[in-house]
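You are given structure tokens for the same protein chain in two forms, set apart as structure 1 and structure 2.
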Structure 1
């Protein structure tokens, strides 16, 4: 453990939403430490703040208090522009509701990260071919998201998150819309790629079977994060 590098560290992160006159504390003093190459699963009931926490860790949102370090960089203190580039270079995100751009085809959606962030010395073609093949998207590449099934959309979103070979992947219920067989297949794929490039995977899931494959599990309860001891 000691020679392993900590890739993600959150220190008592708080996120609150003010809605008219009520304050919702979606994330309440959450702390987490993730080591390079680890697979961490976050479970919890609906509305407990899992997605919000994942967004904070991925630098998609800013916490009200606390700090988040990725590879030792405090992303909560980064200017918006630097943070954007940082996201493009080191992080991949799979959103809970896919968030595919409706007017782009599947292939175009997958290639967004490559156009937004030109990683030097990196050729996409090989990687792209493999991703598409493993995800079974070969004959759906030129379809619009509205012409894809929920599971196919999910797989496009996964491909989009992995195309840049990011060091950390944040996945928000990547198997939520899939049946058992497909869910397992997608998980295998994620783990395979993870193994190949030593990726770190932080995954929110409802599926205990999937969570059990993780190195460590955290439970989100009403905004608070607890490690689950197995």
Structure 2
């Protein structure tokens, strides 16, 4: 992987919050470099800052200091509208709690990113067919989220994150609400699609069984990020 280009780089990223009269440093000078096609896992205890750091890298929040680059572009310096379009073109996000719109069918939820960021040279129809088949959603497309199991909802959330063919996918505890069997199945699906498309995957997880499948593991501790030597 040494010959691949760096697709994600975080430089001395700091994120602080004010709680009552105290300043809490959720992310403390975190640095990371991820090359194209890698699967990087970030582990750590609850409250260690790992999800906050992931959201910063995904452009869903802004740091107080430091810089984050995606494909060589400094997303921390982008205006909100430019960042929104950039995220739609190059980045995907999978949440632990699915974040599906309850009034929309599975198919409508999956297609939301295509209405927000259109790629004129990209065939959504063919890609959608492949995603639906790989994720086993063929007979669930016209069901509402409330009519789906937790595992099925997570599959819909994965399809939504991948419909725009993002180059880097961020996943925040994507198997955290699933039982062991469903968690293993969702991970296999993510890795299968990643292999098909050649995507980069950065995942926050508390599950060491999942983290051990990653190319590299980082541990978040009290806002600081450390590589795990294996």
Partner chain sequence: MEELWIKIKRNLARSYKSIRFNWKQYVSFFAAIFLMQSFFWLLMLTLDAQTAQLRKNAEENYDYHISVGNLTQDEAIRLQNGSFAVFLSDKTYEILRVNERQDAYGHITYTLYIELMGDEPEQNLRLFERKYLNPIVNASARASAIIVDYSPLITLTEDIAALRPTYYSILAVFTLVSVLVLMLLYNIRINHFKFMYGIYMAFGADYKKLLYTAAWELITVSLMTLAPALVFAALIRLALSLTLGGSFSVSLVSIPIVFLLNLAVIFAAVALPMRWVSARRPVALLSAEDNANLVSSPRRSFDLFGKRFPRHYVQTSIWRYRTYYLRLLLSSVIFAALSISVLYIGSMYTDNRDAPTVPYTITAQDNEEGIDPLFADAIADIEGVERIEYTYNLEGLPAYSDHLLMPSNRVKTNAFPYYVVSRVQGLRAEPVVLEGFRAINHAAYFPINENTIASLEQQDAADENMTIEGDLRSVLTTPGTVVVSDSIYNSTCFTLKPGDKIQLAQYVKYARAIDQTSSEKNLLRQQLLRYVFDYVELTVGAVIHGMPTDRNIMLGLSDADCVSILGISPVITELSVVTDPALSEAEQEALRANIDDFMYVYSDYVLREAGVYEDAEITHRMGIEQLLTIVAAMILIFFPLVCFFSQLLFYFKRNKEFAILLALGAVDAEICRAHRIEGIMLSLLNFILTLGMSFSLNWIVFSAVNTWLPSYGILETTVRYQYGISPLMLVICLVISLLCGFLSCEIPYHQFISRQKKLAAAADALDDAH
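All values derive from a computational prediction rather than experimental measurement. Heads up, when I say rigid core I mean the largest set of C-alphas that superpose within 1.5 Å between the two forms. Numbering follows the first chain given and starts at 1.
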Structure holding the form predicted alone is number 2
For residue 177, give the CA shift between structure 1 and structure 2 in Å, the superposition being done on the rigid core.
2.9
